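Shown next as C-alpha cells: one chain only, the form predicted alone.
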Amino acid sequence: MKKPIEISKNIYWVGVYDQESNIQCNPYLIIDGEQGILIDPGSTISFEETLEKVTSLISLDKIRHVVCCHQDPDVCSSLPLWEKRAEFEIVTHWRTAVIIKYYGHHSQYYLVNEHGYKLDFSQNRSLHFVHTPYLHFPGAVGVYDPSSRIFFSSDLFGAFSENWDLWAGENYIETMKSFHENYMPGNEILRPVMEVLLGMDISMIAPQHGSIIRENVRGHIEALRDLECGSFLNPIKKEISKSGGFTGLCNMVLKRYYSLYNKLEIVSIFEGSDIKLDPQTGMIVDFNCTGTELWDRLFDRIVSQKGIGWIAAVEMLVEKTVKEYGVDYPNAFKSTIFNVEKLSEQLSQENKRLKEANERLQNNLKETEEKLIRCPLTNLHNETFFQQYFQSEVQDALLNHRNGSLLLIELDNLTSLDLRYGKKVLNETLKILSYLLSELKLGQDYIFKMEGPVFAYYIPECSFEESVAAAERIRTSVAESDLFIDKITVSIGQINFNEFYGEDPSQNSALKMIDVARLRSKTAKSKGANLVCSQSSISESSHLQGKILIIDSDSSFINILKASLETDGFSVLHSFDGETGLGLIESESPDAIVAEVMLPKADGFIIREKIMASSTLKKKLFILVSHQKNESSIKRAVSLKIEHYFRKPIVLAELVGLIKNRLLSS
C-alpha cells in the first residue's frame, strides 16, 4: 500500500502498512477545493511514507489544520516534522493540548471545546467534534464530516490484529471487542457515547487503529454499546449449558484467537493433541476428557506451544467469561491471578499494623452504625460522622498537647462544571476527586466528605510545616491531574491543633477548628482560588463597604481598579475568565460585578445572561467594560438590561464613583 487510498470522494487513507506489527495506524486526509485537513498525522516512524502520500495529493501549503484526536505518540508525535514543511493550526481538545506540547511543536491551537466543537473548513464545509471522554483519554474526541457522513473515531472501533486489512471484514467485531476490553474503562463510559453515535447519520467509521468499517455500521456501534469491558467489568450472569457447555466457552476463546492471529497457525497448535478441530470452521468437534479438563487443556496447550503472551492476549475475555458463567480460571491463568490475591493478602497483613491507630475510628463506627454515616456518592464517611470523630481527636490532642492538622479542601470549579456538563458530570468529578485524595493520602491520614463540594483531610501528629507541604501537594496534584473531564482546582484552608493549645477541650473546640479551616478555604477562594490559606483574621474576611468582583483578562486593569477600590474600603475579588467568574458569583455573592465583554470561556454577555436567570443575583450592580463598544454590542447590552457600559480606557474616578454611589447609598 505505497499509494494513498481514496475511501470516499476526496477523502484518503494516508497511513503505512507495517507487516511486522499488529498495530496499524491510520492518518486520514480530507481535501475540499484548495484546502486540506490532516486527521491524526501519525508517529515519527511512519512520517516519511505518510508525507509522500499526502504530497502526492495536495501541496502542503494548502493544509491549514491538523487534527489530533488525543495525545498518544502513535497519533501525533510527528507534529514537529510536519511543522518543518507546513504552517497550520492544531485542532484538538484543551486537555490534549496540555500533553502534546511536550512533543516540541510551536503551532497555534484551535481548541474545539472553545469553539462549540465545530470547525468551519473551506467555504461550504464544516467538521463536527464528538467529545468521547475517558475513551481512552479524558480529552479524546472523534471527528464527524457531515458531507461524507464519515466518523473518524480515534481509538474507538479500533483493533490490533495480525490479519489486518484496510476494510473491516465479517470477523472484525470480535477483533474490535478484544481491543476495547483491554483499553476502555467500562460499559458505563462506553455506552453513552455509542447512544450518541446511534443517533447520528454515519455511513462509514474510520478508526485510528484497525480497519475502516463500511458495512453494518450500526451493528458495530451496537456491539460496543453492549460490550462489558475494562476496570468497571460487572457482567450479567449466564448459564453455561445455554452456551454449549465448556466446549462452547473454548470455542468462544478460539473465535477470538482467529480474529487476532493467523488461522493456520492456531490450528497447528492442536495438531497431535486430543483436542480435534473442524478443518473448515476451526471449532472444537472432539476431545478425550471432561469439560472442565478441556477448559484447562486448551490453555495449557497454547502456553506450551506459544508462551504466556498468547494467553495474555485473551485475558480480559477469560476474566469476563469466568465472571459471567461462574467457572474457575484455567490453570494457566492461576499463576498470575493468584499472585494478585497473594498481594491483596499481604496488604491486609500490613493493614493490621494500623489497628491501634484505627481503634478510635472503629469505636465511633460502632456508636453510629444505626445512622447514615457515609456519603453515597464517594463512600467516604460524611460530615456527621466526621464531627463526632474529630471531636474525640481534638479532646485527646488538647489534653495531651498532641499536634495534628485539618485541611478543608473545596472544589473551585463547581458552577462552571454544572453549567457546562450538568449534574451527572459534576458528581463524577467529586467521585474522581475522592479517588485522587485517597491515592494522595499518606500513613494515618483520614479523608471525609463534607456537605457540598468540600472534603476534610485530617492528619494526626503533624507539624505546621508538614501540614502546609501536604496541602500544597494536594493542591498541585489536583490542578495537574488528567483524571477529570475538565481542568479543576481546589482551595484549601489549613489549621494546626497547636493554634488552640490552652483552650478548653470541649465540643466547641472541634467546631471552632472546623469553622476556622472553612474561613481559610473561603479566603483562599476569594483571593483567586487554587491556593492554600494557613492564616486568617477578622480583617481578612470582612468587607466594610462591600464586595466587588472584577472579571477581566487584563491583569493591569484589574490591579489598577482593585487598588483604587480597596483604598476606599471595598473587598475585591477577581477572575481572568468567565467560567471562574461565574463560580465566584455563586460562592461569594459579590455586591457589584465589573466584567469585560471579551473574556475566555464565557464572555461578559453570557455572564449577564446567567445572572439574569437568578432572582437574587439579577438585582446586583453589573457594569460592563470593554474596548469593544459599537451599535451591535450596545443593542445586546440593552436587551440584557445592562445600564452601565464603559468604553476602555475608562475614567477611573467615574467608575469608582458609580460603585460608591450605588452601594453606599443603598
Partner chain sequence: MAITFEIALFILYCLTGMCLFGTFVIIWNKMLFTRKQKMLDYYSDIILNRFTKMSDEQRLLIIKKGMRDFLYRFIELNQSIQLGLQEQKEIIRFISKYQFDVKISKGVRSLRRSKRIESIVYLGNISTDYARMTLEKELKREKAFYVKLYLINSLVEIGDSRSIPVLISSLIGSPDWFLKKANALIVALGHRLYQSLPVFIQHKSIEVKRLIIHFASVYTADDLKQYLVAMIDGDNEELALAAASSLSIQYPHLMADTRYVNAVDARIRNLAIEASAIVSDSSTIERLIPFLNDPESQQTTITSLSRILTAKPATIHFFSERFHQEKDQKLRKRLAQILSVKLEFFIVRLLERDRDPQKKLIKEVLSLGICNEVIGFLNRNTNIEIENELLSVVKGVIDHNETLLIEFRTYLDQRLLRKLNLTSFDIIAEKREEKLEKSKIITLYCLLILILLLGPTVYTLMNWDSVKNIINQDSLTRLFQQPGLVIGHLKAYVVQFNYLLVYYSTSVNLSYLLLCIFSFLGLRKQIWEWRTKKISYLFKKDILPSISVSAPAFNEEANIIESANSLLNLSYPNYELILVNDGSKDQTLNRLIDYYQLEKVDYTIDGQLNTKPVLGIYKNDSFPKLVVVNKTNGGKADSLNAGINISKMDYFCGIDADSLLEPDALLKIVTQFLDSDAEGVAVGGNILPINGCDVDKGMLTKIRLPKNHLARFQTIEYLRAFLAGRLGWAYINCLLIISGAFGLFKKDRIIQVGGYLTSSGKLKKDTVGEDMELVVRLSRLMKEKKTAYKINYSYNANCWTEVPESLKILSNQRDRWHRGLIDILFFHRKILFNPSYGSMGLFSMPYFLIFEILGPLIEVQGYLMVLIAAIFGLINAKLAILLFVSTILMGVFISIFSLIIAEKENEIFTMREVFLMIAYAVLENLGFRQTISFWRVTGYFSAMKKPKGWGTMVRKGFGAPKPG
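Residue numbers count along the first chain shown, from 1. Note that the coordinates shown come from a computational prediction; the quantities given were computed from them, not determined experimentally.
Beyond the structure shown, there is the form predicted in complex with the partner chain, which is absent from this document and is the topic of what follows.
Colleague: Does the partner chain come within 4.5 Å of any heavy atom of E461 in the predicted complex?
Modeller: Close contact is absent here: in the predicted complex, E461 is far from the partner chain, nothing within 4.5 Å, heavy atoms only.
Colleague: Give a yes/no on whether I63 approaches the partner chain to within 4.5 Å in the predicted complex, heavy atoms considered.
Modeller: Looking in the predicted complex, residue contacts with the partner chain do not include I63, since no heavy atom lies within 4.5 Å.
Colleague: Flag I650 as yes or no: does it have a non-hydrogen atom within 4.5 angstroms of any non-hydrogen atom of the partner chain in the predicted complex?
Modeller: Looking in the predicted complex, residue contacts with the partner chain include I650, since a heavy atom lies within 4.5 Å.
Colleague: Can you check whether D603 is within 4.5 Å of the partner chain in the predicted complex, heavy atom basis?
Modeller: D603: contacts the partner chain in the predicted complex.
Colleague: Please identify, from 221-229, 420-428, 136-144, 280-288, the stretch that has a heavy atom within 4.5 Å of the partner chain in the predicted complex.
Modeller: Answer to the contact question: 280-288.
Colleague: Heavy atom within 4.5 Å of the partner chain in the predicted complex: which of L198, L511, A469, I560 fits that? Just give me the one.
Modeller: Of the listed residues, the single hit is I560.
Colleague: Quick check on this chain: which one of Q108, S556, Q123, N400 has a heavy atom within 4.5 Å of the partner chain in the predicted complex?
Modeller: None of the other options qualify; the answer is S556.
Colleague: Can you name the residues of 44-59 that have a non-hydrogen atom within 4.5 angstroms of the partner chain in the predicted complex?
Modeller: Result: empty, none.
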